[in-house]
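Next up: a single chain in structure tokens, the form predicted alone.
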Amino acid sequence: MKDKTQRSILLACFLAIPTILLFVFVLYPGFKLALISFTDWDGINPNYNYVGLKNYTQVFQRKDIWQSLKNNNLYFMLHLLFIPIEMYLAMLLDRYIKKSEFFKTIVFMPYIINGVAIAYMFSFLYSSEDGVLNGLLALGHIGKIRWLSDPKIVNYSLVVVSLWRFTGVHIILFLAGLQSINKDMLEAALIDGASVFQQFIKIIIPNMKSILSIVLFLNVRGALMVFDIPFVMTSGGPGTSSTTFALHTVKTAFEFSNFGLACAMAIVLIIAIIVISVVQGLVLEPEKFKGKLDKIKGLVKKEKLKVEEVIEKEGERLEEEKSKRVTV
């Protein structure tokens, strides 16, 4: 057997398993999800009817869905406001704290703890009867606060849990970005008399656009898909005041047996994440999109020249045949 044939067989064998897994666990479920989103399937009955865009229309018209998105927006905004603090903490770990490996482990620890365990831990802290926080407030003769049962503050209580869990991984990402910046540049700025704040604005942030883009993507994705914390701690309550979009989707499917609408909500969620990520990339790293656009334009131009060349040769061939016929 020739080497080329052996290489082709080996390559096909290596690619076969991941390709099959991709089709079975990603493409087929995605196709099925999109198909069900156009039906009124209840999740049990084998028969269902196609309802066109009715489910998608409901997604944009129902007030409870918009309310859940408003709760997601609170997660996004508070995480967004926390990003400068995360960058500053990363800079402190990088420059000023000795034996920072210990602190890196400490800040990263919440991310690797199971989300359900974290939710139960904070449920104990927030308990209105014998919780730690209300116990501390009692020492200052302050009345009890209903951290998880007051509709006005429940979402803020849950966002604090989310911040505690995910801030560490953002700090580690920013720390990796800081360590990739050329130290000579920072030393030169220090010699020129630049303050820490000026170095932060003029050197660090511009050189960390890629890391910032990743953190913002994680922020958007995490805010739109937050599920475990409100599900375990409040089940979306009191009422629906802490229900997020993902929690609403799960409830629509498994509590209200409306799988068609739940699938439409999931499709809208996927499209929203993709659109927001593209817009974010255009804003933060326009040069990358410009480079890709120029590359596409170059390919189109190249193909256009090839087509023109083929047309020109075909025209010459036809002219040549025509002149031969005239001669005959």
Partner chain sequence: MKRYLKVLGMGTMLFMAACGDGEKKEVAKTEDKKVELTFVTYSGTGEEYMMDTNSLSEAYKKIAPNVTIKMEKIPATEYDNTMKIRNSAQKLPDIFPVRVVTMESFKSVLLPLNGTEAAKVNKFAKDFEIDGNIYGLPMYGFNEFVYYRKSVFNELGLEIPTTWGEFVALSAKIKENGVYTPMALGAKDSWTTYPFNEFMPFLVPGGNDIWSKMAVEKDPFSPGKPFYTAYDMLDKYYNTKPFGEDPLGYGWDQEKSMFASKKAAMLASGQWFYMDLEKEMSKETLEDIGVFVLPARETKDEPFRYLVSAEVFLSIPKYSKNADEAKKFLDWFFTSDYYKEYVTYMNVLPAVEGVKGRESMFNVAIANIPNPEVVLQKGGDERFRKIANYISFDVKRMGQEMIQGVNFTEYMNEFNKRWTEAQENTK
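Residue numbers count along the first chain shown, from 1. This one's a predicted model, so the numbers in the text were calculated from it and none came from an experiment.
The form predicted together with the partner chain is left out here; the points below concern that form.
- Across the proposed site, Pro46, Gln58 and Glu129 without exception bring a heavy atom within 4.5 Å of the partner chain in the predicted bound form.
- Within 4.5 Å of any heavy atom of the partner chain in the predicted bound form lies no heavy atom of Gly140.
- The partner chain in the predicted bound form is not approached by Tyr156, whose heavy atoms all lie more than 4.5 angstroms from it.
- Although the partner is absent here, Leu216 lies well away from the partner chain in the predicted bound form, with no heavy atom inside 4.5 Å.
- Heavy atoms of Phe200 never reach within 4.5 Å of the partner chain in the predicted bound form, leaving it off the interface.
- Partner contact region in the predicted bound form: 256-264, out of 278-286, 256-264, 31-39, 294-302, criterion any non-hydrogen atom within 4.5 Å of the partner chain.
- With the partner omitted here, the residue from Thr105, Asn73, Thr240, Ser210 that has a non-hydrogen atom within 4.5 angstroms of the partner chain in the predicted bound form is Thr240.
- Taking a 4.5 Å heavy atom cutoff to the partner chain in the predicted bound form, the contact residue among Gly177, Gly168, Gly236, Gly115 is Gly236.
- Applying a 4.5 Å heavy atom cutoff to the partner chain in the predicted bound form picks out no residue from 7-40.
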